[in-house]
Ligand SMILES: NC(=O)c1ccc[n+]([C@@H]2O[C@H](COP(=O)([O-])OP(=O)(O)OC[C@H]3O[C@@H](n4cnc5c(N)ncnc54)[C@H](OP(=O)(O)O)[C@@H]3O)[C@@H](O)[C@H]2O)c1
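Consider the single chain below, provided in structure tokens and representing the form predicted on its own.
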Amino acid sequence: MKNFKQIYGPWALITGASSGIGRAMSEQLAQQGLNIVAVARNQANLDELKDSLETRFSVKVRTLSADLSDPQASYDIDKQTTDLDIGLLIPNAGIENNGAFIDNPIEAEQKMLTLNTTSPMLLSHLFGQRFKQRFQNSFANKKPSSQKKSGILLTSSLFGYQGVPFVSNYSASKAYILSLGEALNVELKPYGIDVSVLSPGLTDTAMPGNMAIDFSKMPITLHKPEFVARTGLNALGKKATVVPGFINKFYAWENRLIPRSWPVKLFGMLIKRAMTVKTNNVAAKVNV
């Protein structure tokens, strides 16, 4: 993995940092010497992460407890970090709902949409402005080119590559992130801002364990969060999008080979067969 401290340092901000893929990214970046702003809802989990990272890697960690399903939280995070030279943003927090869309509570669907789309958009806009100014200031101060760089690593999903029945709003929210990141990869490059989108498939985190889907009944590979995190970080500055795992890559890119409606129907059939309860009203709300 490249020297993230030299390229994007000295601080990285990660949402959903206390568990799963977000925690793995926090650990891998701290191991390289980056200081971490860790954002999540549960303060106890954040405190444990802070103690672990500071003890193991001798870095600084600032924790921010925030509910990113409230749009104001993104603005608060920006204000609470104005004193830090943040060069890497990873808006990783997200939730998932599954079940028949019209039978799920509309409040749960709206909350998911805000957290999965509005929060990453706001943070990318707010910190993108800071990164642009950082880039321009580095010219004025005649700093080495490596210090001009900033990065944004967005988290989409394998389900973002097509509509997926019974996780319909979730897959739609991740499609938004995929499209946003692909565009920003081009749009922000002139300002020294690397943008990539990580689209994990099934990952060994709390989310799939809380879904009403038996993934063992689906032809899909389970990956460890450490592998997924490393794949995403390695892609930053090299690729606009990355999908961890060979089988997942096949699922992501099959739309280019066959009519788009085919994988939508296929995923719908597979997920319906794997549902562990009836499809009505089984919304699952899980932090990533």
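Position 1 is the first residue in the sequence shown; the rest follow in order. Please read all numbers here as calculations on a predicted model, not as lab measurements.
The protein also exists as the form predicted together with this ligand; that form is not presented, and the subsequent description refers to it.
Between the options 99, 151, 201, 181, the residue in contact with this ligand in the model of the complex by a heavy atom within 4.5 angstroms is 201. The closest non-hydrogen atom of residue 52 lies beyond 4.5 Å of this ligand in the model of the complex. Although the partner is absent here, residue 127 sits far enough away that none of its heavy atoms falls within 4.5 Å of this ligand in the model of the complex. Within this chain, residue 93 lines the site of this ligand in the model of the complex, having a heavy atom no more than 4.5 Å away. Within 4.5 Å of any heavy atom of this ligand in the model of the complex lies no heavy atom of residue 12.
From the list 182-190, 155-163, 131-139, 102-110, the contact stretch for this ligand in the model of the complex under a 4.5 Å heavy atom rule is 155-163. Within 4.5 angstroms of this ligand in the model of the complex, the stretch 53-90 places a non-hydrogen atom from each of 66, 67, 68, 69, taken in sequence order.
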